[in-house]
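Shown next as structure tokens: one chain only, the form predicted alone.
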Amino acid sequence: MKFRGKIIDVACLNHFSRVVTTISRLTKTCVLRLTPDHLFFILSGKVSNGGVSMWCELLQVNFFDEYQMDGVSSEFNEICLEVSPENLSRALKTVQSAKSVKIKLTKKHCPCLTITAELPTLSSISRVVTHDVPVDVVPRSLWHEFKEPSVPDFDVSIYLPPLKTMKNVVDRMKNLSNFLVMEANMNGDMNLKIQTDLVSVTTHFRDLGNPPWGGDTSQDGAASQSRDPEDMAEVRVDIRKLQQFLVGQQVNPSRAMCNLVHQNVVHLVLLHEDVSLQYFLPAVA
């Protein structure tokens, strides 16, 4: 079982660092799944039990100048590692000005992702910085827990408003309640609502548009197409978990979408040209 990657392009290094920082804001630990073509950051919470889950997919060729890996076997050519994204983020931030960065799976006092960076210098003496980020190897018997989640059979799918605007709204609402109701319809309308015994606050977003699901996606849109476009689907969520998602976002997505399963789950999707991030927020009673 081997893994070694090298990043030379500074823009790729900074982009990779931003993705890891985003993940670190969403969870303290996650699984890093390595395949010959992709890297995945996975949080496999049981939504049915109130847990948050996440799936972030990166195409390795868009980040790494060199990438080599051998999985646990020829049949199962993958590596799954439990890692602290915060530790990985800290290591990457200290080497953002490096001429090159190597990331390698090593065995020291424990399994580690060893990050070695060659830093620029004014003299002929090279400066090399090394960080060891401890990881745990996930046994093959548990891999079934870290497969790609299916797109939920949603009632409404809608584009999100500008994430910075949405964050500002949620930040204010957090001071009023621990819970927030997200509701939307197929006419491109979205409302964020707070309702308590003392106060009722609603922020309206209009003309957001609805994604054209279909084709190569597993969601045929049948449920949403059969609905009255004016009908709202709503989900009550933990406002802190939604705020955590909005605060941590540094991917700068080209598209941001939200799928709602009425009174069940909010499925948030951020798409960048070389990164996709899915985040599942369960409903709370």
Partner chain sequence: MNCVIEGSCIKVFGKAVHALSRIGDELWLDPMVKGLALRSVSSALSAYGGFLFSPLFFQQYSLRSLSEQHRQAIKCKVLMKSVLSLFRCLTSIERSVQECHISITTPTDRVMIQFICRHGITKTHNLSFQESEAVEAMFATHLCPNVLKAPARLLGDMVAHFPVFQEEITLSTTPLKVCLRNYQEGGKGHMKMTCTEMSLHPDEFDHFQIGEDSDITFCLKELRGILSFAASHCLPVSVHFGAAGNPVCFSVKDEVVDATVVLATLNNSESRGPPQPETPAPATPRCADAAVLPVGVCEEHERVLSSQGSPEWIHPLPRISGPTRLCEAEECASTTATPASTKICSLLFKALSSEEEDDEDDGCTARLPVLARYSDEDENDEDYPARSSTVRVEF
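Numbering follows the first chain given and starts at 1. Nothing here was measured: the structure is a model prediction, and the numbers come from that model.
This protein has a second form, the form predicted together with its partner chain, left out of what is shown; the following refers to that one.
*Asks:* Pick the stretch from 132 to 140, 175 to 183, 67 to 75, 194 to 202 whose residues have a heavy atom within 4.5 Å of its partner chain in the model of the complex.
*Replies:* This holds for exactly one stretch, 132 to 140.
*Asks:* Select from the listed residues Leu160, Val95, Val169, Ile103 the one whose heavy atoms reach within 4.5 Å of its partner chain in the model of the complex.
*Replies:* Exactly one residue meets the criterion: Val95.
*Asks:* Using a 4.5 angstroms cut-off on non-hydrogen atoms, would Leu208 count as touching its partner chain in the model of the complex?
*Replies:* No, Leu208 is distant from the partner.
*Asks:* Applying a 4.5 Å heavy atom distance criterion, does Cys110 contact its partner chain in the model of the complex?
*Replies:* Taking the distances in the model of the complex, the answer for Cys110 is yes, it comes within 4.5 Å of its partner chain.
*Asks:* Is Asn187 close enough to its partner chain in the model of the complex to count, meaning some heavy atom within 4.5 Å?
*Replies:* Flag for Asn187 set to no.
*Asks:* My question is simply whether Thr121 lines the interface with its partner chain in the model of the complex - judged by any non-hydrogen atom within 4.5 Å.
*Replies:* So Thr121 counts as contacting its partner chain.
*Asks:* Which residues within 1 to 34 place at least one heavy atom within 4.5 Å of its partner chain in the model of the complex?
*Replies:* Heavy-atom contacts to its partner chain in the model of the complex: nothing from 1 to 34.
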